[in-house]
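For reference, the chain that follows is the form predicted on its own, supplied as structure tokens.
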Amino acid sequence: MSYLHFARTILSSLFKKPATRNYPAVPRKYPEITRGKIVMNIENCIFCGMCMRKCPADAITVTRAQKKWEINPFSCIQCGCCVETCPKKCLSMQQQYTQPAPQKSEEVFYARVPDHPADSRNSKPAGK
């Protein structure tokens, strides 16, 4: 009896589509409700810290003095509170999952700081 059941399973498996995808050759299409991961546009950030204060998982750290914004993607729960509260709309949700990694690491962004003031003395003022 079990032999017949086994043979029937083998025959049905031969004519069915595979249950798995050819990953990563065939990328997965995420459903519309996927929240994904936080994406930062550091050029628009004013380092107000609203995202850090609203984050329920304490995954975001903002240091205004250093113009540094960092997120711990392994602590982030992708709730979207930071995206909703950002006054400059420099945060967004991208429909992809956080890449797996062998160690927990943080994503750190620094704002572009203009060149040292001593360098600006070397430039000539316009019109002279």
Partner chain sequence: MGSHTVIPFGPQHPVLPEPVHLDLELEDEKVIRAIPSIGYVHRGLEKLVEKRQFTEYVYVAERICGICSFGHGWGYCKAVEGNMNIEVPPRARYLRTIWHELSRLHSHLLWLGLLADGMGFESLFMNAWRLREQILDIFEATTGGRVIFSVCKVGGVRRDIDNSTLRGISQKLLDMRAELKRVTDTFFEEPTAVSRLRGVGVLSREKAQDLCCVGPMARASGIPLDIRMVDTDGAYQDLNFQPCLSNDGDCYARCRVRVDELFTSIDLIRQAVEKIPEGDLSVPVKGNPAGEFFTRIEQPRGEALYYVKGNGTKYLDRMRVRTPTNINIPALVQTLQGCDFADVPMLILTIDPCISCTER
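Under this definition, the rigid core comprises the largest set of C-alpha atoms superposing within 1.5 Å between the forms. Numbering follows the first chain given and starts at 1. Keep in mind that this is a model prediction, so the values were computed, not measured.
Form predicted in complex with the partner chain: not shown, discussed below.
* To do: Taking 4.5 Å between heavy atoms as the contact cutoff, choose which of N44, S92, T63, T34 touches the partner chain in the predicted bound form.
  => Going through each option in turn, the one that passes is T34.
* Asked: Could you tell me if P56 has a non-hydrogen atom within 4.5 Å of the partner chain in the predicted bound form?
  -> P56: contacts the partner chain in the predicted bound form.
* Just to confirm, G80 within 4.5 Å of the partner chain in the predicted bound form by heavy atoms? -> Flag for G80 set to yes.
* Asked: For S105, is any heavy atom within 4.5 Å of the partner chain in the predicted bound form, or not?
  -> No - in the predicted bound form, heavy atoms of S105 and the partner chain never come within 4.5 Å of each other.
* Asked: Would Y30 count as touching the partner chain in the predicted bound form under a 4.5 Å heavy atom rule?
  -> Although the partner chain is absent here, Y30 would touch it in the predicted bound form, with heavy atoms inside 4.5 Å.
* Asked: Mind listing which residues of 90 to 111 have a heavy atom within 4.5 Å of the partner chain in the predicted bound form?
  -> Heavy-atom contacts to the partner chain in the predicted bound form: only Y97.
* Asked: Is K104 among the residues whose Cα moves by 2 Å or more between the shown form and the other one after superposition of the rigid core?
  -> Comparing the forms between the shown form and the other one, which are aligned on their rigid core, K104 does not shift its C-alpha by 2 Å or more.
* Asked: Superposing on the rigid core, is the CA of P56 displaced by 2 Å or more between the shown form and the other one?
  -> The answer is no, as the C-alpha of P56 shifts between the shown form and the other one by less than 2 Å after core alignment.
* Does A65 move its CA by 2 angstroms or more between the shown form and the other one when the core is aligned? -> Where the cores coincide, A65 shows only a C-alpha shift between the shown form and the other one that is less than 2 Å.
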